[in-house]
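Shown here is one chain on its own, the form predicted alone, set out as structure tokens.
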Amino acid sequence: MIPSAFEYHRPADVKSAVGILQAQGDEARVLAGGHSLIPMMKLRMAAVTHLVDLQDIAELKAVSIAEGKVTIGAMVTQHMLIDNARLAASVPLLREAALQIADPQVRYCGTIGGNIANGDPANDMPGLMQCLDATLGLAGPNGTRNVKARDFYEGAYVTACEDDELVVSVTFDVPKGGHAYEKQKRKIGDYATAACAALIEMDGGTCRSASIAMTNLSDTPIWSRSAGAALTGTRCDTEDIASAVTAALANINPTEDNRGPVAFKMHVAGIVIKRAITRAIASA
């Protein structure tokens, strides 16, 4: 189908983009990569009167790694995440996850900010940002404010971002220790049936810290505090890993859909979580 008529805006800076959103209210939508919005517009499931394309905003395409912190602009594409050698060396978990998103054609256009801001529980970056304990920078009429990724998601497609705000950046500490991103999907390019990101820091033979986050297993991404706590201070042996998996499974609430019934998703989740934790421990 063909989308209904809309007015196209292509601002050159964040201030101008926010101004358009403020002026047009809920009739305006932001276009980043467009993989979610454009199909919805073509199906007439999204009524967009004003489309605000962020492609010309250069400041949203920057990547900075300095003093132990990583800052990524919202319009950095998945391909740019994969292709940036410094970023791959500092945050290999990010590259590992980006390589599992859809296919090369999508990764050349899809952006980290769009993946995060859409609020789709099946997107990979939201859970990953929770695992990394990232802070999201949001720009609006009153300036910029910061929201923790772990506090950003309120429900499926519902986030803490207001209608007149943009996600402009992602910031997190350079992670330490071992990492893994495990994803089970029906076919190449599909969303995850279940996915898990894990960061494990070891001190000698003891786990100093652990962060576990899951994708597409509830109506929001899930960061499991209890799963990390089950590993912290332990030797991360078989029983400790089993306890962490049990704790993580207690935090999710999958629903039946075309990827399978709830029992199947719980089974897959248990396998994916165990694999992620085990591989992160090995790489630590």
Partner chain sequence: MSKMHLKLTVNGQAEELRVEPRELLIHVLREKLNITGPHIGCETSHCGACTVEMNGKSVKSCTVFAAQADGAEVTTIEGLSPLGEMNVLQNAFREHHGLQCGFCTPGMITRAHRLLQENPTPTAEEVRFGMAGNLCRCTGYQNIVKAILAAASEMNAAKEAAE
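Numbering follows the first chain given and starts at 1. Owing to the predicted nature of the structure, the values given are computational and were not obtained by experimental measurement.
Unshown form predicted together with its partner chain; subsequent notes refer to it.
Participant: Is there a non-hydrogen atom of P104 within 4.5 angstroms of a non-hydrogen atom of its partner chain in the model of the complex?
Facilitator: P104: yes, in contact with its partner chain in the model of the complex.
Participant: Using heavy atoms and a 4.5 Å limit, would one call R10 a contact residue for its partner chain in the model of the complex?
Facilitator: Flag for R10 set to yes.
Participant: At 4.5 Å between heavy atoms, is A282 in contact with its partner chain in the model of the complex?
Facilitator: The answer is no: A282 has no heavy atom within 4.5 Å of its partner chain.
Participant: Residue-level contact is defined here as any heavy atom of the residue lying within 4.5 Å of its partner chain in the model of the complex; does Y108 satisfy this criterion?
Facilitator: Yes, Y108 sits close enough to its partner chain in the model of the complex that at least one of its heavy atoms falls within 4.5 Å.
Participant: Given the stretches 217-225, 62-70, 32-40, 249-257, which is the single one in contact with its partner chain in the model of the complex, using a heavy atom cutoff of 4.5 Å?
Facilitator: Checking each option against the 4.5 Å cut-off leaves 32-40.
Participant: Between its partner chain and A122, Q130 and T171, in the model of the complex, does every residue show a non-hydrogen atom at 4.5 Å or closer?
Facilitator: Heavy-atom distance to its partner chain in the model of the complex: none of the three under 4.5 Å.
Participant: Give, in sequence order, every residue of 48-67 that has a heavy atom within 4.5 Å of its partner chain in the model of the complex, or say none if there are no such residues.
Facilitator: Going through 48-67 in order - heavy atoms within 4.5 Å of its partner chain in the model of the complex - the hits are T49, L51, D53, Q55.
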